[in-house]
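A single chain, nothing else alongside it, follows as structure tokens in the form predicted alone.
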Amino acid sequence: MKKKFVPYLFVAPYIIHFLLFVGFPVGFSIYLTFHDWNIISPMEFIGLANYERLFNDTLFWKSLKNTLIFLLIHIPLQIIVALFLAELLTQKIKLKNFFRASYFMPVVVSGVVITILWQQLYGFESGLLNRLLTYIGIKKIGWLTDPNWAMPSIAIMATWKNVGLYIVLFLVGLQTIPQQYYEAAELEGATHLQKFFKITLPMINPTIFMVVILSTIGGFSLFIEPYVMTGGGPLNSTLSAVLYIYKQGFFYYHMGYAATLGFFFAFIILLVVFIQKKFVEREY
């Protein structure tokens, strides 16, 4: 009889961990969405008021729009740069291992450190980028102070930080392509571009899909970069959805409303990933 309980003892730590750190927080957050709570005062049941407020909150929709703009810049840029560098690193070049390690280095460095470094590069008066522009006769750019440039600047920085990870994924994908395909194409007189578009791209479709999914999820969680570099400004042009949820919860202590925003935002992420999956499957 005692032996029947042995398997349960083995899985008990995982179940306890899951209930404690996943089940309870999710359940409590759902409960919060129907309440008004500032941590100090007792909770007040308000029904669906938080959901009604969400649909009338123009600042939340602006933060969502900012996040989508970031994704539209970040994902294509990420794929193009990572795939180009991965393709380059498969060629016979000197110091190949050094370049591979160099590109991956920003991935393991703290996001806050990277953000502060790029904040210095983007400085309007003393930043390196504006000094270079001035040197070649181009007017200075308000990388982080111009509402039109602030989000693209953050997208460029995020691409630089994460590109090493996606280079590794593309390198793995490129190495799975049988060399016979390229040899047969060379015998037919195919150019390098023809081999790339006719062989390489179709063969690494699964890798591209994985990169798109990872970039999408990573892009939706945009937080450190706007929080450290701009605080969501100028004129809320870099206020991401996650940063807005954080401000509602820990700046204004609207815990119930922050939980509501969080659940709605999670639903949007699931919806976007589902659409991407269906789109890619249809391409197959």
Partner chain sequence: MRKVIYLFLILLFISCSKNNREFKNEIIYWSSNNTEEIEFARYIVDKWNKENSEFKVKFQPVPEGQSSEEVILAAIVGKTTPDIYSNMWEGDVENYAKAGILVALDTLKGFMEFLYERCDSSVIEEVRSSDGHIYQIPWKINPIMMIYNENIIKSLSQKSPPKTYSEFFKAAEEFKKDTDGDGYIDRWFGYTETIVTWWQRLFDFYPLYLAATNGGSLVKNNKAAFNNQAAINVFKFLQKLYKNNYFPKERLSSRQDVFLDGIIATRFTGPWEISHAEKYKPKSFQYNFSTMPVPDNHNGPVYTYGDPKNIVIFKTCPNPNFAWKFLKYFLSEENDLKFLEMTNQLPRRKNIDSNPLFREFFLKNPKMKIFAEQAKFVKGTDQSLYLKEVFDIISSEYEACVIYGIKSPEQAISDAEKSVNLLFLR
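The shown structure was predicted, so the numbers you read here are calculated from the model rather than taken from an experiment. Positions refer to the first chain, counted from 1.
Quick note: we don't show the form predicted in complex with its partner chain, though the next part is all about it.
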ask   = Any idea which of 65-73, 23-31, 212-220, 246-254 reaches within 4.5 Å of its partner chain in the model of the complex, heavy atoms considered?
value = 246-254
message = I'd like to know if Lys94 sits close to its partner chain in the model of the complex, meaning any non-hydrogen atom pair within 4.5 angstroms.
response = no
query = Given that the partner is absent here, does Thr115 sit within 4.5 Å of its partner chain in the model of the complex, heavy atoms only?
reply = no
query = Are any of the heavy atoms in Ser126 no more than 4.5 Å from a heavy atom of its partner chain in the model of the complex?
reply = yes
query = Is there a heavy atom of Pro152 no more than 4.5 Å from a heavy atom of its partner chain in the model of the complex?
reply = no
key: its partner chain: the contacting residue among Thr145, Asn205, Thr90, Gln194 in the model of the complex [heavy atom, 4.5 Å]   = Thr145
request  = Answer with one of Ser102, Gln175, Gln120, Gln180: the residue that has a non-hydrogen atom within 4.5 Å of its partner chain in the model of the complex.
outcome  = Gln120
message = Is it true that Asn162, Tyr166 and Leu171, all three, sit within 4.5 Å of its partner chain in the model of the complex, judged by heavy atoms?
response = no
message = At 4.5 Å, heavy atom to heavy atom, what parts of 209-238 sit next to its partner chain in the model of the complex? List them in sequence order, or say none.
response = Tyr227, Val228, Met229, Thr230, Gly231, Gly233, Pro234, Leu235, Asn236
